[in-house]
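The chain that follows stands alone, in the form predicted alone, written as structure tokens.
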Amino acid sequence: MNVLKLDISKAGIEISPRMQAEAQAANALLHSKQGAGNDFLGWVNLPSSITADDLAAVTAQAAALKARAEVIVCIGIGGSYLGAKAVLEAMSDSFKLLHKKQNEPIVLFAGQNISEDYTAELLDAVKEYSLAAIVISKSGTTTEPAIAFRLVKAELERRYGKQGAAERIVAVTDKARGALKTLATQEGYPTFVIPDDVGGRFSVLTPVGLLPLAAAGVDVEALVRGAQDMEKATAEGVPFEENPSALYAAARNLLYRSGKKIEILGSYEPKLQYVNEWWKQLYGESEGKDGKGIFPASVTLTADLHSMGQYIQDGERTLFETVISVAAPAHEVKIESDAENLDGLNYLAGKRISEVNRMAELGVQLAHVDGGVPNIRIELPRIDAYTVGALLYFFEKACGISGYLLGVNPFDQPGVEAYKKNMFALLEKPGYEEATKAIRERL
């Protein structure tokens, strides 16, 4: 039985036998590894390939970092940080930093931007804490994480010396080559490998995600079990109507073909906000090419009903909505009665906040459908490591199927290089002299 429930009854579509066959063929293509981008399909069977020894190595290294540091800085960008950030935010107490006693190290993220203020504030904030770092980069030369690592590495070496710093830095990188691999070998950093056949946005279930999550105290074994069960639920031989990833991919492509060019992912649980951000990279980078693709946007509800809600309800009818719904919260808070009832809320007295949230969700769904916004609903029983692991793999598998239905290579990202060439030219990077001259003339 699938851990998540997918409901497309309010999407306003009927999936034809032809579309079912297309989706099944796309899923089979992922498993046969005969389609476009087939050298980056290691994620398809990644959950089932993770062994007890793999998990033991990750948890042992996480324990070593936890023994040395109160704060662990995780350095990476894109897929090298978004997956870990998404799971960590979902698993964490929303107000963890206000608790005086921390049972686990605080994991902070760096290298996902080149903001001078962010970097300065991070380095200042960690001054009073023992420190370690996880640096994640296939090449070691990606600008944003390379800058952050240079600064964090220098701070660690100032505090602990080169040998002491080497015991507090773990590199997740290429198995054999690249600047970070070379440095890790020279300095003696413990290392984990980013598999050659797993692209960054599909890498959360490799040490890229598992190591920082284990260091933060997340149950990575449960996370992997959830993904393993979803891998089985979406396997090649599963009938279309029982395969949630194939069903979701088919539904969103039918909506796209009917003129719905924007998909809004929303949730009524703020803990899932960074799942939205991870999802946007996954689908935007996989599908947005060759002049095609559904534009992935996101909202956090009910907050964004008071901002984006007007556009969703009454704006241009080029969008559809996918909502992640959580059946059972982890806590119980009831609304109390008030003698004066000036706010008029006594009619809610005795009800749990989750009841109000659920009625808001259902009311919004009906209003949006009435306003011409097709709705897809994904229900999770709860938010825990197992269900989040299942959700991540569900979206990954659906993304691969959806990209093939769209007719693109879902596993490359040629468009991300354009800005880098301009940036390097403007920064006068060696080897870019002609480009520097040309771009300065344009400016």
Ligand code: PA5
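Note that residue numbering begins at 1 and tracks the sequence as displayed. This is a predicted model, so every value here is computed, not measured.
The discussion below concerns the form predicted in complex with 5-phosphoarabinonic acid, not included here.
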message: Under a 4.5 angstroms heavy atom criterion, identify the one residue in Gly293, Gly140, Pro105, Pro244 near 5-phosphoarabinonic acid in the model of the complex.
response: Gly140
Listed residue (Ala251, Leu265, Val218, Ile77) with a non-hydrogen atom within 4.5 angstroms of 5-phosphoarabinonic acid in the model of the complex: Ile77
query: Wondering, does Gly200 line up within 4.5 Å of 5-phosphoarabinonic acid in the model of the complex on heavy atoms?
result: yes
- prompt: Do Ser354 and 5-phosphoarabinonic acid share at least one heavy atom pair within 4.5 Å in the model of the complex?
  reply: no
task: Report yes if any heavy atom of Glu285 sits within 4.5 Å of a heavy atom of 5-phosphoarabinonic acid in the model of the complex; otherwise report no.
output: yes
task: Please check if Gln281 has a heavy atom lying within 4.5 Å of any heavy atom of 5-phosphoarabinonic acid in the model of the complex.
output: yes
- prompt: Want to guess which of 79 to 87, 342 to 350, 149 to 157, 95 to 103 is within 4.5 Å of 5-phosphoarabinonic acid in the model of the complex, heavy atoms only?
  reply: 79 to 87
task: Any residue of 222 to 251 with a heavy atom within 4.5 Å of 5-phosphoarabinonic acid in the model of the complex counts; write them all down in order.
output: none
